[in-house]
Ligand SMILES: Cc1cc2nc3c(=O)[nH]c(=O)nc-3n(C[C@H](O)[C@H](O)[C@H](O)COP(=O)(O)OP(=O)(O)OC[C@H]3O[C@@H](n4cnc5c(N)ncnc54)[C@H](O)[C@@H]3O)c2cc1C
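Single chain ahead, written as structure tokens, the form predicted on its own.
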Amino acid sequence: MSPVNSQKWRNWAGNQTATPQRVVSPASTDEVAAAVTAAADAGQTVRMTGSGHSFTGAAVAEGVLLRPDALTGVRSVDTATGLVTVEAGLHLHRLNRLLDDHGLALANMGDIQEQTVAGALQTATHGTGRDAAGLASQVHALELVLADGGVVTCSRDERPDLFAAATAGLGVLGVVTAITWKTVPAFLLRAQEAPMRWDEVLGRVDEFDEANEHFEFYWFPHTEGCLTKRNNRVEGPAAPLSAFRHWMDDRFLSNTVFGAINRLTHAVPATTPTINKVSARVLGARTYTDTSWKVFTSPRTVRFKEQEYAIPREDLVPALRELRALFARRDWRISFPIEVRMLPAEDAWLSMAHGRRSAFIAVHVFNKDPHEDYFRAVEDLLTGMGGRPHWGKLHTRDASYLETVYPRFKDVRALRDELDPGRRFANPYTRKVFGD
């Protein structure tokens, strides 16, 4: 275990910082347990960070910050059962390549693969899917270090309540040190991306959702333009984008040019509607077939801030119409598209899709732009529909609200009282979210 002198920590977007009293880089579960025990002896709190892709203060450490950089081992790969156990600090992009080498894959993913596996899981990272749910539904077992330094394993069969609570548990029940994933045989996805007008998308969203394994779309504010994405399994053969087309679309246009656009709209906000209209008009259709994780994920180099809420699936179209009406009433200039995804119901107690089929609406701003008025108005709209905030994305909700939209929220709090009565794993964010 490598102790490091106190140093400032900053997340990817640059909107969260911390200066912990101590930074430790454990290389094993035993070293995590030792760090937790030492922190208890010193009266310090403990938080493990990931790669800093959360926009909330979920990873902010006041006492001891655990960095999982050395906790990246692959413990086992069983191709017969699809069970794969890896340590908490392994990044998703490394997990994807590992699984691919063994003919395996995750059934569904979000679009960013820079997170650590534990960081992505603990904030309930998800993708979009008709049948395949988010990361929380693809876990077979967890290894945790508890507040007393003990190490436990939980699953649907072993300590099932702890498993249901801790799978997307924000690290408040214990430090996740290893995850056993329930994977599927590797598969190809055929990606169909096409521009479409707002009215057509909203008029056909149920059709698209029912007809495709993975459907999502983006609306460009101040315009009629949307970009739709439909991903479905195919037998093959693979027909990936050419290296040049991938560079042009996903590197140059989506990152380099988009970054320049956001710097311009940040400097001159009045140009935003015009630029968005141009962006929406120049969107081109494309179809390709590739390995699943290469379709699910995309490079993201333009830094931003994000808020996302999950609402009941049946409320999606009314929510979007009211959201667009907000733009007509507010003097906003928003350069980032609004993202819409769907997910089936999940079992994890703190999954945003717990117990109900859900639609997710995500709003973004350039990381240098103000977000407060925009995010708060959208939040007011979506909480009026029983919306649940993404744990890793900006929101203002506290325990008094959250217990009204999560049926098992009080059960999580009771389990936390049992396992961590001294709040060894607390920080300002968890104190607000859980009420103590």
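Remember, it's a predicted structure, so these values are computed and weren't measured experimentally. One rule holds for the numbers: they count along the sequence shown, beginning at 1.
Note that the form predicted in complex with this ligand isn't included here; everything after this is about it.
Novice: Please state whether all three residues Arg47, Gly171 and Gly174 have a non-hydrogen atom within 4.5 angstroms of this ligand in the predicted bound form.
Specialist: Affirmative, all three are within 4.5 Å.
Novice: Residue-level question: is His390 within 4.5 Å of this ligand in the predicted bound form, judged on heavy atoms?
Specialist: Although this ligand is absent here, His390 would touch it in the predicted bound form, with heavy atoms inside 4.5 Å.
Novice: Within 4.5 Å, heavy atoms only: does Ser335 come near this ligand in the predicted bound form?
Specialist: Because no heavy atom of Ser335 falls inside 4.5 Å of this ligand in the predicted bound form, the answer is no.
Novice: Is there any non-hydrogen atom of His126 lying within 4.5 Å of this ligand in the predicted bound form?
Specialist: Because a heavy atom of His126 falls inside 4.5 Å of this ligand in the predicted bound form, the answer is yes.
Novice: Determine whether any heavy atom of Thr383 comes within 4.5 Å of a heavy atom of this ligand in the predicted bound form, and answer yes or no.
Specialist: Contact with this ligand, no.
Novice: Which pick from Gly110, Gly149, Gly73, Gly259 sits with a heavy atom within 4.5 Å of this ligand in the predicted bound form?
Specialist: Only one option qualifies, and that one is Gly110.
Novice: Give me the residue from Ala120, Leu95, Ala136, Ala359 that has a heavy atom within 4.5 Å of this ligand in the predicted bound form.
Specialist: It is Ala120 that has a heavy atom within 4.5 Å of the partner.
Novice: At 4.5 Å between heavy atoms, only one of the stretches 315 to 323, 284 to 292, 155 to 163, 110 to 118 reaches this ligand in the predicted bound form; which one is it?
Specialist: Comparing against this ligand in the predicted bound form, the contact stretch is 110 to 118.
Novice: Looking at this ligand in the predicted bound form, which residues in 339 to 369 have at least one heavy atom within 4.5 Å of it?
Specialist: Counting only heavy atoms within 4.5 Å of this ligand in the predicted bound form, the single contacting residue of 339 to 369 is Arg341.
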